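Single chain ahead, written as structure tokens, the form predicted alone.
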């Protein structure tokens, strides 16, 4: 196992001096701003005891999500010409007596062997862009070859109709295939792995019913329908020789792609646009699948969809800004954990705080707040760019505030913005360990690698905070020389991960194992 040296107190003091060197020359904050900063620190601090309380509740929710679930028919959805022929029969939801975590079975059975090979088409729908890849797998010891194209999704599609979405995807696939002159062998079709990064309930690996849109999307005619079936119909209308082999979430893809190269991978985690984790669970512990007669020791990847953790607001320490973000979101009352820990919401919290202080004439007095008043005007990178600004007297921060928000900051405002960025990012990072620690306790995982997206894993300051908080929750010895569980940068989940899962599925089918496969 690869081990990471423990960060000592002396290391922390040395790093602190180095990190703060760029702040030399700043005077103390004005009393009013210092008072506000102390209030924010108090509101956003999550101490060890609170982390443990949240993690314990998280573990209980994980168990509920795996267990007492009943399948129930819901009112018939509006008819859609883009639905699969069996779509109406698949419109169902899961209800539990308590709890919010779907804990969706993915029908990805077991870890990759590392010997998966072949060429695969992959499609990733999960944010502002559509990504299509042609992936060539050799084996674990060779880097996959990925030929990709990025397509910008028109903003108005995110609140449009199903037809717009699926036609756009099918047309983009057609362009990609034509440009690269991809053709299947005679009598076959090109295998497609579809990464769909929204909560979907799967009864099969090539099927998934959208439970609810997240990340600000709200396209009509998709919720309650089989998204793989809708895309399959759009592909058929285009006459493309392509079939969907596997549907997966980006988190599942990231975990499998990472495990393909790194057998010590134990969990896949996403902290950027959304918030989620995936891990392997023995089918014997997934009681909601009891009717499938699966071997008890058969491992299946579970897509936790734990951005919905604590929608009842029982343990998460929400601030007035968290409440405002929830109430102003397209789906109030949903994705409570995601709205407090995911990167895209951290930037929005920063905007809300600065706008509040501008309204009270404590910062940027006399300046226009036109840009500052625009919700989600700040992207994920904005927060990290500010915290990782080590330029003299925060000159890069000054430039960013001017270029993005059209605000000219004085020294006190620069320093204040830097401090609140650190406060928000620290809370986000510490909260993100609660789900991972809950999985580790539930599965009695003592060591391994958590494959996380680059939003956190590629940033040393955030990664160090994460390790510190995880150690607090799991009671790692203070005198340890190494951290037993470390964060690694996740591999390409929507490209390589989708290809590996497609390869695993096709191999199972070739071996005569049709468990969890709908399109026989």
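Everything quoted here is computed from the prediction, not taken from an experiment. Positions refer to the first chain, counted from 1.
Below: the form predicted together with a small molecule, not depicted.
- 199 is the sole member of 105, 224, 199, 229 with a non-hydrogen atom lying within 4.5 angstroms of the small molecule in the predicted complex.
- Comment: the small molecule is not present in this chain, but in the predicted complex one of 435, 274, 193, 208 has a heavy atom within 4.5 Å of it, namely 274.
- In the predicted complex, residue 247 stays away from the small molecule, with no heavy atom inside 4.5 Å.
- The small molecule is not shown here, and in the predicted complex it never comes within 4.5 Å of any heavy atom of residue 122.
- Although the partner is absent from this view, residue 270 contacts the small molecule in the predicted complex, with a non-hydrogen atom inside 4.5 angstroms.
- Using a 4.5 angstroms limit between non-hydrogen atoms, residue 214 touches the small molecule in the predicted complex.
- Contact with the small molecule in the predicted complex, defined as any heavy atom within 4.5 Å, is confined among 182-190, 109-117, 284-292, 250-258 to 250-258.
- Annotation: in the predicted complex, residues 305, 335 and 338 each come within 4.5 Å of the small molecule through at least one heavy atom.
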